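The data below hold one chain only, encoded as structure tokens and taken in the form predicted alone.
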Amino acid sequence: MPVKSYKHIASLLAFVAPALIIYSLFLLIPTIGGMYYSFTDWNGLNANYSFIGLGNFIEALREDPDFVHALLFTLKYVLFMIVLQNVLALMLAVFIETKTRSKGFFRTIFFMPNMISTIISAFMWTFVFSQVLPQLAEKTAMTFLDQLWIGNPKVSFYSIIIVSLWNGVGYMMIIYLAALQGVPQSLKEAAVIDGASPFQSFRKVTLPMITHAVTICLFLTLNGAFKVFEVVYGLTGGGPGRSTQVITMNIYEEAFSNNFRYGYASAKSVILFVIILLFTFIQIGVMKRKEVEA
């Protein structure tokens, strides 16, 4: 290989090296280490531990009802978020796209919640649910607002959904807006000339043209919903009891809060990783076929 080629490769590696080192130190190595410890009974503190094979995985799936409940609750949360977040974000994007003079204003208003930390948003909404809404219900005729938004297991799930949507819809809206702006105006005009209604024009022309954006938003929503932690931790703490505990909180509790079973928590993390990987492959595979058909 010529000397110039070696120099070119060396220069590329020099540029990549800082990011690769940081990525390895804070993500790659901990991930491999977590997979290794998932087959042990390490408590995260002692130097001595034993290999127990698949014991942690069997216990998590067969003998840990709290983990199974957290997994099912997380799947329920993921389903709601995938549907609601993307539908609302797309509706907002279409609404803003129709505004000729006030696009910037509406983009800013709807995106602003995304600029606030998720944990701060959770604390803000805790005040709203516990203080503002009961007072509003008392002074108006909207008595339905007087709920135990956080203390009632049947209602607290929807409180989490409300806060998550408020905090995350704006980001997806921006992606959909960028995609909508890439749809050729000539295609929309041709659909109108052919007699298509606004809904038909959106369904037959616009939506197929933004399928790539739908794929991206579904991917981001799916991964973010499975890894949700801050909003639940700040809003309900997994309560009342463990009725709103998501899988990430269950892992955190197992490793750091009460039990200090680091190996067992690592096994649960590997299970979560496999679930996310499986759902992601399915989602991307289905959506890629939709993109080809479109």
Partner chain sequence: MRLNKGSSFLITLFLCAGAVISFFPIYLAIINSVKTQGEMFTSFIALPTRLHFENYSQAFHKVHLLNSTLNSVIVSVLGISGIIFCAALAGYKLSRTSGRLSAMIFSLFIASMLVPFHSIMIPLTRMAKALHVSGSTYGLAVIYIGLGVNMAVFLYHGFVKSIPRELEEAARIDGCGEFQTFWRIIFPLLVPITVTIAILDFLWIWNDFLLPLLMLTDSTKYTLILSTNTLFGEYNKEWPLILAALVLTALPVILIYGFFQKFIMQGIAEGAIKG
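Positions refer to the first chain, counted from 1. What we label the rigid core is the largest C-alpha set whose atoms superpose within 1.5 Å from one form to the other. All of these numbers come straight from a predicted model, not from anything done at the bench.
The protein also exists as the form predicted in complex with the partner chain; that form is not presented, and the subsequent description refers to it.
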The unique member of Leu136, Leu207, Val155, Leu72 whose heavy atoms fall within 4.5 Å of the partner chain in the model of the complex: Leu136
Single option in Val83, Leu148, Val132, Leu187 placed near the partner chain in the model of the complex, where near means a heavy atom within 4.5 Å: Val132
Distance check, Leu27 to the partner chain in the model of the complex, heavy atom within 4.5 Å: yes
Residue contact check: Thr211 to the partner chain in the model of the complex, 4.5 Å heavy atom: no
4.5 Å heavy atom contact, Phe67 and the partner chain in the model of the complex: no
Contact test in the model of the complex: Phe39 vs the partner chain, heavy atoms, 4.5 Å: no
The partner chain in the model of the complex: contacted by all of Phe51, Val183 and Leu218, heavy atom 4.5 Å: no
Neighbours of the partner chain in the model of the complex among 7-22 [non-hydrogen atom within 4.5 angstroms]: Ile9, Ser11, Leu12, Leu13, Ala14, Phe15, Val16, Pro18, Ala19, Leu20, Ile22
Cα displacement of Thr280 between the shown form and the other one reaching 2 Å, rigid core superposed: no
